[in-house]
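As structure tokens, one chain now follows by itself in the form predicted alone.
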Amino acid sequence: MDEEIKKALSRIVGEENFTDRLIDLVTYSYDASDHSHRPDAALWALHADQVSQILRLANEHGFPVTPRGAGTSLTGAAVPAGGGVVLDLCRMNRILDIRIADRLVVVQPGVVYADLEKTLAPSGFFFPPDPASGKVCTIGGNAATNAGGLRGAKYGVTRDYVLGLQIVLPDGRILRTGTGCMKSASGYDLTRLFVGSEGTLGVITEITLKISPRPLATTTACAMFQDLRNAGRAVSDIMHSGIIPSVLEVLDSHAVRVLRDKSDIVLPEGEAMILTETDGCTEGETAYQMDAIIRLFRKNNAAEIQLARSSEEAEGLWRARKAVGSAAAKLRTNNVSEDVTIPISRVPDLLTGVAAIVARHGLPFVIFGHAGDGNLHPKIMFDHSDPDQVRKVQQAVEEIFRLTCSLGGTLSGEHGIGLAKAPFMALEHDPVAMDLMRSLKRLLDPKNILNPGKLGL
């Protein structure tokens, strides 16, 4: 990058918010995925006007800009694949407005999910999507990737709560979308266009979110199955029974074994474990829902059912679910974590199909995820320094994507596409859809400066 451009960027944000030091550039070369590429510089923006000036300069000189939150992407969405500038938005971290009477909050993109939850707690409200990285991930990143989480079965994903946005377009213009109302039928839904666009169409600088009353009571239980398909059928039965659990998670036998071997969590052996939670206004309401779920567990031959009798027991069960990813990662130096999603009725087929695919390639793996909305996370461990293991994991991932799409599924339920899944977009989207997406990208970003290489565009 030309030194004069670096000086111009430094003048826009101030010397203290600009860096081209090697140690910083290495830090910004990767996210939580297995991808990396070093940028030429990194900036911390403090307000939308600075973002506007940066993008105008980038558009004029044609250098790439990669927006970044906390860097927790598992698909390479925050990796500066084209070099250029990483635009770090973490210092735009203010909660601008809380309007409980209107059931909304207005935040900057750098607000951390857990901090928003902590701030809302005294009011009795919450922002329902619950990403696994909630302690560190930012709301801007959640919106850019349409993040989901444990509560997706009942409460949905980020897109379901974004009422409006402030966006800086690639040419520097500042756009406001949406409204502060609970509903709107006024013109094209531009808000939904930008949510999930992974920073390829504009930079999010403000987000208006719908919030919900926090449930007053919860009930937690787990069930162990000796047959993976029985566990899958239990999930399908529950989700069309009329009972909608707030959480319905599945762990396969490999995940259970990893937790038994690599952590201090005590679990019985089995081919699959389902963790579930019901919530509501009263303990009677949640108990009624849980009783119905337990009946379906038994119908599908659950070998063992454990009902949490205290908040401590419930926390122990959820600690197991939240620990499985990090415990599995200890098996090899590298891993890929997918988030394929299928119609709920096909959960049994995906569970058994994915297990067969990865086992055939002889790599260690676990399967866990949000079974209640059909979103599963096959996590495959491998050694990146071994070409044979790299080839096997690439083959396994492609086969998983092909299986998913053949079942009427999608490449991503919550992680997004980024770099990792870009080559496979045509498996899910027909040529007309891909052409329309590319046309939208060219319309808004004709010089392709914003997060190039992502989404297969």
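Numbers follow the displayed sequence, beginning with 1. It should be emphasised that the depicted structure is a prediction, and the values quoted were computed from it without experimental measurement.
The discussion below concerns the form predicted together with a small molecule, not included here.
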Checklist entry - What is the one choice in P128, G374, G199, P245 with a heavy atom within 4.5 Å of the small molecule in the predicted complex? => result G199
Checklist entry - Of these, T191, S253, T219, S133, which has a heavy atom no more than 4.5 Å from the small molecule in the predicted complex? => result S133
Item to check | Option from 65 to 73, 424 to 432, 39 to 47, 392 to 400 whose residues, in the predicted complex, bring a heavy atom within 4.5 Å of the small molecule | outcome: 65 to 73
Item to check | Triple contact flag H35, P378 and A420 to the small molecule in the predicted complex, non-hydrogen atom at 4.5 angstroms | outcome: no
Checklist entry - So in the predicted complex, does V354 come within 4.5 Å of the small molecule, heavy atom to heavy atom? => result no
Checklist entry - Would L89 show up as a contact with the small molecule in the predicted complex if we use heavy atoms at 4.5 Å? => result yes
Checklist entry - Does the small molecule come within 4.5 Å of any heavy atom of C137 in the predicted complex? => result yes
Checklist entry - At the 4.5 Å heavy atom threshold, is G369 in contact with the small molecule in the predicted complex? => result no
